[in-house]
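As structure tokens, one chain now follows by itself in the form predicted on its own.
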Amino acid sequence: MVARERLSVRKLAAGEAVFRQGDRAAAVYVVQSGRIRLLRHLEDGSSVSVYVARPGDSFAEASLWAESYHCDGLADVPSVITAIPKSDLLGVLEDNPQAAMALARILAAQVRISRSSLELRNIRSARERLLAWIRLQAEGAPPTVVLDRPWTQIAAELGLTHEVIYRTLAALQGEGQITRTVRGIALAGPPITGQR
């Protein structure tokens, strides 16, 4: 792998940028603690969250084959990241097939996450979109989602406003579909099978 002395560790405050869209692509990053959101700015002035990296996740891998970053990398919360210089990582990948395969597996997992996100956004009904998201995230018995970020961020990821999310949550709770707790949401009914 890349020599330890070539890696750099960076501490970020909440809201601080790792890089900005259009900056020269210089490194790939790994989250040690905290959470990094990749946010792409569109021509109409809006922006869309394209990925959220959590501890152990890497991000900005596309920069290996690009001159500049295609989005902003922003710390959602205080975070610690490790930067791997682009040129060093490319050298390792060219010389080490196992490292190249490991990166391919990471990228394949990210593609699956992105496809799931797109599928959710294609569900027209806010109620059904939110229920589908809860079902995808839920684990255990009863199936429960432990929230690691505010509903405003989840709403943005789902392409909904936070007002719609809160109204929909209240309606689902009123129908007995979910139970809201301090840290998350539990689904009512039988356990969900076939989840991750």
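Residue indices: 1-based, along the sequence shown. Because the structure is a prediction, the values reported are computed rather than measured.
The same protein also exists as the form predicted in complex with the DNA; that form is not shown, yet it is the one meant from here on.
Using a 4.5 angstroms limit between non-hydrogen atoms, G159 touches the DNA in the predicted complex. Interface membership of K11, defined by any non-hydrogen atom within 4.5 Å of the DNA in the predicted complex, is ruled out.
Not displayed here, the DNA is approached by E163 to within 4.5 Å at the level of heavy atoms in the predicted complex. The shortest heavy atom separation between W151 and the DNA in the predicted complex is within 4.5 Å. Proximity to the DNA in the predicted complex, taken as a non-hydrogen atom within 4.5 angstroms, holds for one residue of A141, A170, A66, V146, which is A170.
Here is the short version: of L93, V80, L120, A126, the single residue with a heavy atom within 4.5 Å of the DNA in the predicted complex is A126. Exactly one of the stretches 22-30, 126-134, 53-61, 66-74 approaches the DNA in the predicted complex with heavy atoms within 4.5 Å, and it is 126-134.
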